[in-house]
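Just the one chain here, laid out as structure tokens, in the form predicted on its own.
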């Protein structure tokens, strides 16, 4: 019976295991085999360059800009998505009825195609669009949305926050539903108001949800690709250039597979180290408040 149970477990897990091998482990191993070579994806000959790809990457202005832009996006997206998703979760949680309906509605942007949404936004923000015509009629001018570094960064960040907030709100909603109602009733009997209850009960007990959303949002910031690719191509002046754009540019536009794989490895290391450091900080903060 035990062997049958183990076999059943492996059978049920086999789709995930096979997909992980085909779409994660195999590409990872292939990428690691490329980082020491210069190869154009076509030639049967690979030129050994040793650590030359790493030396070039560490002195590349494009890689440095992608590294800097990731943390710039993170500084905007992570706080915004934490606040907005928590607000959405609180709104849905306190609705008297149809909670599931509104929860699904907030989740729908996460399912929308990034390319389709980006094309719609590009149309809305084009110079001759009705939106910009309205702004010019009211204020005499309209921002150069996708040609100004500040506005381009803000537009892409706002799109990502809009897309993810509903998804992360479901995580917060699950956390809110797990808080015992008796705690609020006891606090109300002691004279605690709504704000005090929120600060002393809701926020501390949402620590696991905060932790989860924080790690997910940080990891996502290292994988931004679709929005800047469609809207700005990494511009203007590399203000929206990301790791994924650099990998794509080097591997599939310049056909430098070895160097593109090297940038991908550096991206993975930067992602791992950043999440590890932030996790340690958040876990230390949680431990001081009784969370393990």
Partner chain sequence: MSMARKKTVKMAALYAVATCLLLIMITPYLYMLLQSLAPWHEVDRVFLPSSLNTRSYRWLLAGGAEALPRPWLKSLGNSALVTTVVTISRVILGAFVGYALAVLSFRGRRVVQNFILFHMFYPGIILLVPTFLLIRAMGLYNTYLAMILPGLVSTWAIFMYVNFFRSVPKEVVEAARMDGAGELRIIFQIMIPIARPVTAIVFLFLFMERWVELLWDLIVVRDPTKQTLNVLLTTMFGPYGGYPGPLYAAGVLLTFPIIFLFLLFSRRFVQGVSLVIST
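Think of the rigid core as the biggest set of C-alphas that the two forms share within 1.5 Å after superposition. Keep in mind the model is a prediction, meaning the values are calculated, not measured. Residue numbers count along the first chain shown, from 1.
Below: the form predicted together with the partner chain, not depicted.
In terms of contact with the partner chain in the predicted complex, the residue from 176, 218, 170, 192 that brings a heavy atom within 4.5 Å is 170. In the predicted complex, the partner chain sits within 4.5 Å of a heavy atom of residue 105. Contact annotation: residue 181 falls outside 4.5 Å of the partner chain in the predicted complex, judged by heavy atom distances. Contact check for residue 96: a non-hydrogen atom falls within 4.5 Å of the partner chain in the predicted complex. Using a 4.5 angstroms threshold between heavy atoms, residue 154 stays clear of the partner chain in the predicted complex.
Exactly one of the stretches 181-189, 74-82, 162-170, 199-207 approaches the partner chain in the predicted complex with heavy atoms within 4.5 Å, and it is 162-170. Taking a 4.5 Å heavy atom cutoff to the partner chain in the predicted complex, the contacting residues in 99-122 are 100, 101, 102, 104, 105, 106, 107, 108, 109, 110, 111, 112, 113, 115, 116, 118, 119, 120, 122.
Superposition on the rigid core between the shown form and the other one places the CA atom of residue 276 less than 2 Å from its counterpart. If you fit the rigid core between the shown form and the other one, you'll see the Cα of residue 61 move by less than 2 angstroms.
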